[in-house]
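Only one chain is included here, represented as structure tokens and corresponding to the form predicted on its own.
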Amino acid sequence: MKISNALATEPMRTLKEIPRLAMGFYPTPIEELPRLREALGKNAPRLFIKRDDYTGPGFGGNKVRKLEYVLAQALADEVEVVITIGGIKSNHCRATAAFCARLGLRCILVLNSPAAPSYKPANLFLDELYGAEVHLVTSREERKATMARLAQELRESGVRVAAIPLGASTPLGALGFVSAMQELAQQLSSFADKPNYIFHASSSCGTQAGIVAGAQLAGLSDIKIAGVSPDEAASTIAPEVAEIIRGIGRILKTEIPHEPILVLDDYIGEGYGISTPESSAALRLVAKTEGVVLDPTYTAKAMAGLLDWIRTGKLTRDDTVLFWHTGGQLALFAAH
């Protein structure tokens, strides 16, 4: 693993020149999970967890890394209003609202929920607490159309607007995880037992694209990246991940090679935001053995996929796995 040489490449120098807000707390720690490994039996691999639930603003999570780049560009463009979209429990929207509060930007969130919730989700409570203007709609299609309409109306009135796509999962946003892989490479330089797999939740595609591209650029291309989908089929996610990687390459002025994108879509269950028996069991097992809390929408399903690979022998004691915790635990809670 030639980390020091890889970090000195031209694409990495280009990355350092791209505007980025210094708002997250890095490096996020890596912890070993020995009691979880013990609970999984003698043939279980060595397990580590990367704690991106500790990134900081807006209760942390993977969206912080993306927004540091996306909102830095918004400030450079002298934007006055930021609009973005998500589900009613969206981590991305919560983090966006927190960033906008700190930056003094007006924030508009278009959130979809198929029905009015019987309680106020914690993320929605925080969106409002951060001062965001919330527009509730009933479908994913309606939220995109509503964001486009609101942005157009504001622009026609002379207001500078940044309309951020779902999850800030653009090539610019994905640079947050290219940088994260630099961070990981530095951390792993002192590890005697380096991971040969990374497992993480993959939904809006930007996190996986950044991890895959970053692995190539940071000298970690020997690590297999497994994204576990909480909602969409692999046939939908993988091409979008590849497209974002190509966009990253255009920004960094290089061609980024990658293996076929590995997306596991066997753990979705009934759909987005709906826990499965396996994800609920995974959430409880990790909490009980390690005191680590996952979230029910993303990381619990990703952990369920990892545990299934261990129990079915796809991963063994000869492997070392890093699980990337992307945050989102507030989905467990409601505000009353």
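All residue numbers refer to positions in the sequence shown, first residue = 1. Bear in mind the structure is a predicted one, so any value in this text is a computation, not a measurement.
Another form, the form predicted together with a small molecule, is not on view; read the next lines as being about it.
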Out of the stretches listed (143-151, 76-84, 201-209, 262-270), which one is close to the small molecule in the predicted bound form, meaning heavy atoms within 4.5 Å? 201-209
In the predicted bound form, is there a heavy atom of the small molecule that lies within 4.5 Å of any heavy atom of K66, even though the partner is absent here? yes
Any non-hydrogen atom of Q182 within 4.5 angstroms of the small molecule in the predicted bound form: no
So in the predicted bound form, does N62 come within 4.5 Å of the small molecule, heavy atom to heavy atom? yes
Close approach of T96 to the small molecule in the predicted bound form, 4.5 Å, heavy atom: no
